[in-house]
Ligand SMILES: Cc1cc2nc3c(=O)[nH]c(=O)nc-3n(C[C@H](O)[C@H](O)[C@H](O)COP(=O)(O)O)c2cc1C
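In the block that follows, a single chain appears as structure tokens, in the form predicted on its own.
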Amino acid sequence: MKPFRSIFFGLALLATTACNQAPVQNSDSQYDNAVVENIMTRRSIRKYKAEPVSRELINKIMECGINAPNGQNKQSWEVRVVDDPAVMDKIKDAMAAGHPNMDPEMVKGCFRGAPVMLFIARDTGYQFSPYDCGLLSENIMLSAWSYGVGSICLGIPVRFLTDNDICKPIVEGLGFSEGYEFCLCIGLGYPDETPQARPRDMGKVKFLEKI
């Protein structure tokens, strides 16, 4: 996940302007425009309300996602959306069965209770596809937040689903095209918490006068 972070912030402005509807700015906001406010107030959500996200809204969010910058317009990603609790339960049960030496509730809880899960795969034939998938993901998360939908980017479910044979049918059932590799998950849902921002180090950004 870390390689993606350095490019996310500089390109985050594109994430919300790609949407059909711009975020509404709070009149009492400390930020000077709605796009910046959306970027600066978005948090990773680990607790969600038991409230579904409509497919109409998911489609709007996904339209923003696929308008992310990407190399040569290859759009080197594929996304599978799971919003059916029964399907999610089947996935969770398989992960728990594939890791018998781990606490099954801990394994099942790795999705953080998000009611919508996006399973993302990259095109293994294109070396920059991981970056494309990262940009897609940032667009998704920021546009979701502009509609009041929380999100969390997850890598652990990928490991739980790909490091054992029991989960192979689940991964195959996601139906990714040949040559695509499952690489990332994003959870979406209405937040049931308001986490505070964690400190960020602007010292990692430096202006060069010479090389």
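Since this is a predicted model, take the numbers as computed values, not measurements. A residue's number is simply how far along the shown sequence it sits, counting from 1.
Below: the form predicted in complex with this ligand, not depicted.
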Would you check, heavy atoms only and a 4.5 Å threshold, whether Pro52 touches this ligand in the predicted complex? no
Please tell me whether any heavy atom belonging to Lys60 falls inside 4.5 Å of a heavy atom of this ligand, as the geometry stands in the predicted complex. no
Partner contact for Leu154 in the predicted complex: this ligand, 4.5 angstroms, heavy atom: yes
Mark Asn33 yes when one of its heavy atoms lies within 4.5 Å of a heavy atom of this ligand in the predicted complex, and no otherwise. no
Counting only heavy atoms and a 4.5 Å cutoff, which of 142-150, 161-169, 174-182, 40-48 contacts this ligand in the predicted complex? 40-48
Going by heavy atoms, what in 164-203 lies within 4.5 angstroms of this ligand in the predicted complex? Leu184, Arg198, Arg200
